[in-house]
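Here you get one chain, nothing else, as structure tokens; it is the form predicted on its own.
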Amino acid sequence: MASSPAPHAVLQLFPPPARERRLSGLYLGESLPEPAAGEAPFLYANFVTSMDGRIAVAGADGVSRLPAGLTNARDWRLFRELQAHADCLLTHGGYLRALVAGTLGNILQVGLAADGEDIASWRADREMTVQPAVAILSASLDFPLPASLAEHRQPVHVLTTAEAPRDRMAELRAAGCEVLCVGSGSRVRGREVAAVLEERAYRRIYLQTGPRMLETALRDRVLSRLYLTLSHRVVGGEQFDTILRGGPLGAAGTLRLRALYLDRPAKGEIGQFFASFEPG
């Protein structure tokens, strides 16, 4: 009888000493603090980037998409393991529009894929909710609500500004969402997001958002940890997105390496680093 393939392993480079680690379960075994009531929640983010800093590149139609080959099954596995820790997933209106349009896949539920039973069991063993809550950032409220949120009975919180359309607020409330006007400016800020979600007893919040939220989380010093997959390839392209927008961050952008793993490529594959950082 043929033997099963050996579990995929990565090489831990930091902290030393260097050693082999099994990929599956690598981030389930991460130490993600669960702050006590009244303490700031643990906000963490994850990005996949090329060596030249691309996370998305605009095509001929002007629409930004993930570059082909930038992600793979190993990175996808670790993304889902990070989801497992979350009490709340933080997303934004642009992602929901892309999801309903079919240009991006659904990342609003945890442990539903055929190879994700252990992730669902991991949450159940820790007496977590079957699915995390979802918080949606949007100033315009111009987004559809995916049917999967109601199907899985996930609490939905919409974080917007005082300038948002009142009629759309009413529609979202009628659909079962909690709509919150957070702050007084034209954009929701990281400190305001952290505060309102802490009030709702969410302790670990996974930022499944884009560059703008990462910027404000760093600038407001509410980001607890940044996970980064660095693909060993250069993408190019003149119109692209990178992990950050906005002006210089100064000291708020200082990060300290927490862990670094080398995912060595098999024949025909592309290698990558898995890294995590904390504010320095």
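Numbers for residues come from their place in the sequence shown, where the first is 1. Every value quoted in this text rests on a predicted model; they were computed, and no experiment measured them.
Quick note: we don't show the form predicted together with a small molecule, though the next part is all about it.
- Across the options 246-254, 230-238, 28-36, 65-73, residues that bring heavy atoms within 4.5 Å of the small molecule in the model of the complex belong to 65-73.
- A heavy atom within 4.5 Å of the small molecule in the model of the complex is found for exactly one of His152, Arg97, Arg173, Arg200: Arg97.
- Here is the short version: of Ser121, Ser148, Thr129, Ser140, the single residue with a heavy atom within 4.5 Å of the small molecule in the model of the complex is Ser140.
- Proximity of Tyr44 to the small molecule in the model of the complex: non-hydrogen atoms within 4.5 Å are absent; the residue sits far from the partner.
- Contact check for Ala56: a non-hydrogen atom falls within 4.5 Å of the small molecule in the model of the complex.
- The closest heavy atom approach of Ser186 to the small molecule in the model of the complex falls within 4.5 Å.
- Within 4.5 Å of some heavy atom of the small molecule in the model of the complex lies at least one heavy atom of Gly210.
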